[in-house]
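Only one chain comes next, encoded as structure tokens, the form predicted alone.
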Amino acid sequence: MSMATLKETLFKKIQEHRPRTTRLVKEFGDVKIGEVNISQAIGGARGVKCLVTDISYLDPMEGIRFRGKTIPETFDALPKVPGSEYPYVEGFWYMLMTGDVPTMEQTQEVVEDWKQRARVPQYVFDLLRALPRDSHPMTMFSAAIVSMQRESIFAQKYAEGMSKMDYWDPMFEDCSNLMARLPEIAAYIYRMKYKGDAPIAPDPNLDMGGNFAHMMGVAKPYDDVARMYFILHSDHESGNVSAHATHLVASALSDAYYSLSAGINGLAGPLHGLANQEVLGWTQDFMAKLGGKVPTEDELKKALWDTLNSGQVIPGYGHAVLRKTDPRYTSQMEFCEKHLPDYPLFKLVNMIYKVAPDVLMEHGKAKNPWPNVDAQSGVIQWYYGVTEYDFYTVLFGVGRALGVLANITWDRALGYAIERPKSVTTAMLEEAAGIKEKAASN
């Protein structure tokens, strides 16, 4: 007997979940789960509990949990690519969508499904070639995604008229088509811009991670780097800019192409996805200042203090939510310890990891003196020859798509409303704070 497909399993999960959401709104809609203060209103809604997602949860101490599983549990549970230490990205997609760990058979079904969906329309390549060659790769990536909006099954079905209960179905189709095509689009941008305009055709025999490494033109174990990287960067609950922007745009019933393009635009910002290239540049400059060699711990400690005392930060350290070492950092560190233990840049990063937290704690300004995912990810890319900083955020974007697209499929399944927070004026805040009399009405 054939196993239920991903889509059948997802539909069953949606039907089971819908009454939970309906009941919460109907019976418990007035239950308070938090209060908002002035600093949250002015400070970017930090920590305000007003989004719902079951795809992932960011615990301040444990880090990210994907469908309830920590990163090590996720890597252990999922079916591995034969001859590889890492799981199929396709199996991870199944888990993000359904909350179930797929069997190898169910994973292979997704692998085959994505191969059927993977053909990128020729006009996407024509569009990319028409852009100025010095356009940022994230501009190219976002433009390629939104250009495919004409392919949207959701937009077509919505125009024809369909039941709200069925919105998830064409959204799932759009999201699956996007996931299948993003690796080739990303690799094409890389080869066109940085490798003498010599794209490499996809290999239909490979899984998503293996095929991406092949199309990038980077030898093993870069296929494992891709699998690890895409899973680690896939989702970080709903409040980060790329996830929230995707959710926000989709809440207007914009389709997955419009929504993901918006999320990618948010990811391009220096305070979000661009951070990994900033960290690598800083680490390389830091090493150059130290004479190009790995310093002693004492030399490093002095150099870090000099950095802080000059008013600069140590990039890659600290996180909005996490209060200990980012498990995504640890996963990448373990990969480096196995595959590039003697690489000077990794040795420096590892030594910063040993020394910086104590320096930052003594310095006293960092709420969280531990490294985040960005402290390590650029070093791995550099080691394997992907030395083009500007491209790193595109890699992040391919991974992040997994989480945000799973999320918007569930947004439509559960009929989440258009997002529309209420704004107040500065005068209203001053009045609430008791520092200004209520303005006389005219």
Ligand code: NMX
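Note that this is a predicted model, so its numbers are computed, not measured. Here, rigid core means the biggest group of C-alpha atoms that superpose within 1.5 Å across both forms. Sequential numbering from 1, following the sequence displayed.
Same protein, other form: the form predicted together with this ligand, not shown, and the subject of what follows.
In the predicted complex, this ligand sits beyond 4.5 Å of every heavy atom of residue 195. In the predicted complex, no heavy atom of residue 330 sits within 4.5 Å of this ligand. Contact check for residue 315: a heavy atom falls within 4.5 Å of this ligand in the predicted complex. The closest non-hydrogen atom of residue 319 lies within 4.5 Å of this ligand in the predicted complex.
Exactly one listed residue, out of 275, 216, 81, 262, brings a non-hydrogen atom to within 4.5 Å of this ligand in the predicted complex: 275.
When this ligand is considered in the predicted complex, only one residue from 155, 360, 294, 120 comes within 4.5 Å through any heavy atom, namely 360. Of the candidate stretches 24-32, 413-421, 384-392, 371-379, only 371-379 has residues whose heavy atoms lie within 4.5 Å of this ligand in the predicted complex. Interface residues of 41-66, taken as those with a heavy atom within 4.5 Å of this ligand in the predicted complex (partner not displayed), are limited to 46. The rigid-core alignment places the CA of residue 308 2 Å or more apart between the shown form and the other one.
Once both forms are fitted on their core, the CA shift for residue 268 between the shown form and the other one remains under 2 Å. With the core held fixed between the shown form and the other one, residue 213 has its Cα displaced by under 2 Å.
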